[in-house]
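Next come structure tokens for two forms of one protein chain, structure 1 first, structure 2 second.
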Structure 1
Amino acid sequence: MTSAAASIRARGWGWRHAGRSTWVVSGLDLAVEPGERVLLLGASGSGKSTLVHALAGVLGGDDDGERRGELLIDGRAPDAARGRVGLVLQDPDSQVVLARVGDDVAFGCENLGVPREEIWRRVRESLDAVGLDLPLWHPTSELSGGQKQRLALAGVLAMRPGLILLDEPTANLDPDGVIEVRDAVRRVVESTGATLVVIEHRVSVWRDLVDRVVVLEAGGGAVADGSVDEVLRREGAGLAASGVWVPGFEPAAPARATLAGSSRLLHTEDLSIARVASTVLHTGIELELASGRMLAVTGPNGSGKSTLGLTIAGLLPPAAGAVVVEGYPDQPVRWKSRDLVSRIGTVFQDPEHQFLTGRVSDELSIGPKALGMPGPEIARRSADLAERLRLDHLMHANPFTLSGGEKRRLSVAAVLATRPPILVLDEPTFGQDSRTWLELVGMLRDLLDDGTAALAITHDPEFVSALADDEFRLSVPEVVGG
């Protein structure tokens, strides 16, 4: 299964998005030798994903932005080396292409023109390598998040790349899924010898697998480069201050205020939830949201947490039972969109699913405008949220060009702009460095202290510890997908 490992060379390389005055990465000098395993660190927005996407040849053309300097894989431009590079992204669902496991793994090989007999030999070898012991006909719709990431890794491995790129591949996974994917990556790089570059905010997940750390600085290049122990010993405090989750430097969230009184704002009555009408995931759900309190919904990938959140938020109909909001006769699913905006704010698991405009400033003003707020108040709220969540320098940027962490903060800010009394938050802290995590937690803490009720779907134990008053844990239903 071995394939020749690839090398990386960057000389004065930089990139900035079209229409922006600042460079995401600038003056990057970097040499990665064949077979090296590199952990790429840096604060949110420091250009890690930009670099990885450039190496994968999917960053975009001249219409999308401006580049300078040189970036090479095995001495060739990334566009000319796509068959040598495999990329795994952070969202498990976004990488599933076909309906069956075997077909999905074969997809990349088919695009490379690999002979049919060789494709299916590679498919079976790759599934074995990542530990995904499933029939080739198994439906991809029935995989958990961790299984989907291993499926994506198998698809990359089947193409026999010399360079494997991982962009926060465990960001959306439960703790067991994180271990599954990391161990699968370990097996792959040990069996193939491929060069590995992985982006991750949390050092502890990957420190025993990589042999080198490179730290990027926003708007610049590499500011630290060396062995894991050397970089952490020399730069640990500075990395932690810049937002990297360094063992021993974890952020301490401020304590919650003691709320004098709390009133119930929402509750469920014998609620059943379903992704589609014919597939009931859970029945008999009884929960409540109260002012100034957060309910954390936890559980493994595939347990129906997002489905529950969307049902509570009025975006999916209950399969049975009811979602009751105090003071309103109708369930949220029957409300008009204008009423939902002002009563229940929803942050989707995928930030891009809620973006509607081409500018950050416009995204922040959509909700307030829909409610008929005066212009000066809209401007004040937008500016305040942007400053608090480190988005103020991006007000004219296209939301779809932001980093993953910036997209998440924008999606939260856009919901908070209308100040709804109830929040439904689906993975609100994914993709955040420790600094922006702390700022986001601080803002949500203030909202809770002011009486907001929140339901938060999360895999983040630190977030639960910092903010949750109660926990509602779901298990994977016996039948998923039909």
Structure 2
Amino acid sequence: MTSAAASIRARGWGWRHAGRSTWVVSGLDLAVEPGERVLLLGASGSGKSTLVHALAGVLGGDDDGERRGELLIDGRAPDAARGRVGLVLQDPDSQVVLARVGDDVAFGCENLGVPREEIWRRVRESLDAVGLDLPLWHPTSELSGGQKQRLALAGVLAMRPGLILLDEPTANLDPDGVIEVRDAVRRVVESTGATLVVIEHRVSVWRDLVDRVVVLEAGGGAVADGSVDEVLRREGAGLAASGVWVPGFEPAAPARATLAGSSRLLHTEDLSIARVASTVLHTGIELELASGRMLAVTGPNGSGKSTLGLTIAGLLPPAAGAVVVEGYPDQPVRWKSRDLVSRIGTVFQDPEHQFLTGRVSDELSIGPKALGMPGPEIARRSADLAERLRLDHLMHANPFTLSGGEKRRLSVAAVLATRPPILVLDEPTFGQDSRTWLELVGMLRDLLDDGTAALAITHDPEFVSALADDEFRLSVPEVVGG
């Protein structure tokens, strides 16, 4: 399963999206020889994704933007090199094309006009190569995130590309998924010898696999280029400051204050949780949340962490047992939505799920308004929160147009506006760059020091060691179906 590795040449290359005045990338000169493995780094907005999309020939035509200079793969324009280049993107859910595993891997081959018998031979080979041992008819909807990313890699591999492009392929995965995918990529590039270009803001994942690092700068070209050690030594501090996770330059978590006293705010009694009423995931859960303390809920994907969080937050009914909040006779799930918002705050994993309005300022005031607070008080709280979370220059922006880090900060700020004494956070640091991470950790530390009780669902070991006082580990339940 080999195919000649591809080369890349860029000379004065640049791209500007339609309707924008600034160039995302401009004046880029780059030469990548066949078989090289390149890690592409840079702050968000530095044009890494744009370059990788251009190499894959998917930036679009004149409708989509304007290009300058030249970008060649094996001496040809990328659109003419379809099939020579394979691309794996960040979001596992958005790149599965078909409903069955075999069909999905075959999709690229079909588009390239590969004969039918040859397609199925390649499908089986590619699934083997990425270590997906599943029947061809297996539904793609039942795969885990890591499996979906390996499926995408198999689909790319079946096209026999000379250049493999990975655009943050592990950013949405749990730690097991990251390793799963990284190892599959290693096997694939080692057996095919294909050229590899990977974008990732966590350097440590790919460090041992790549032999060269290129750093891009917004609106400019490559500002650093060389071996991994050399570039990290020279640029490591700068990259870390711009949000890249660089080994040796990890963000230093602020110290927690020692608490004078802590009181129990919430506890569970023989709690059973279920996402759908018919499928109980766990039984007999006993945990408690206390003021000024954070409980981290950890465990592999599919272990029901989110279900536990949503149940404690009063959003899903317990399958059995009870969630008891001190001072209230009813369980939270029976409360009115209006009461819930000032007692337990929930930050969802995907910030976009909780946006309700078309403006950042409205987003911040919606909770206080539901509580019937007076106008001046609402305005004061909103302004205060916006300033603390560096959202004040964005008050009139549409929440959906914010960057990933800004969306996360807004989703937290909107929940804090009603000052709930108990917080439930679902993967608050998921996929965030090191700067946003540090800001979130700092803010949560302040809240904990002020006596808030928190439950955080997380895969992030650094987050746990920075903030958590206790850990509650869930295992994958042994239920069939669900």
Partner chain sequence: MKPVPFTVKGTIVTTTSISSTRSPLRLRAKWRVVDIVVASVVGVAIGLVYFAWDQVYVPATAPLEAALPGLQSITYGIWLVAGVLGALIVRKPGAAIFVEVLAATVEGLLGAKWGLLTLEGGFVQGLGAELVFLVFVYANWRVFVAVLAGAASGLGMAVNDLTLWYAGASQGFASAYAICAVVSGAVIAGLGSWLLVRALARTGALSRFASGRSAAAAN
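Residue 1 is the first residue of structure 1, and the numbers go on in sequence order from there. Source: prediction; values computed, not measured.
Engineer: Can you tell me whether structure 1 or structure 2 is the form predicted alone?
Structural biologist: Pick structure 1 here.
Engineer: Which item in Ser204, Gly236, Gln349, Ser365 lies at the hinge of the rigid-body motion between structures 1 and 2?
Structural biologist: Only one option sits at the hinge, namely Gly236.
Engineer: When the larger rigid part is held fixed by a C-alpha fit, how many degrees does the smaller part turn between structures 1 and 2?
Structural biologist: In whole degrees, the smaller rigid segment turns 20.
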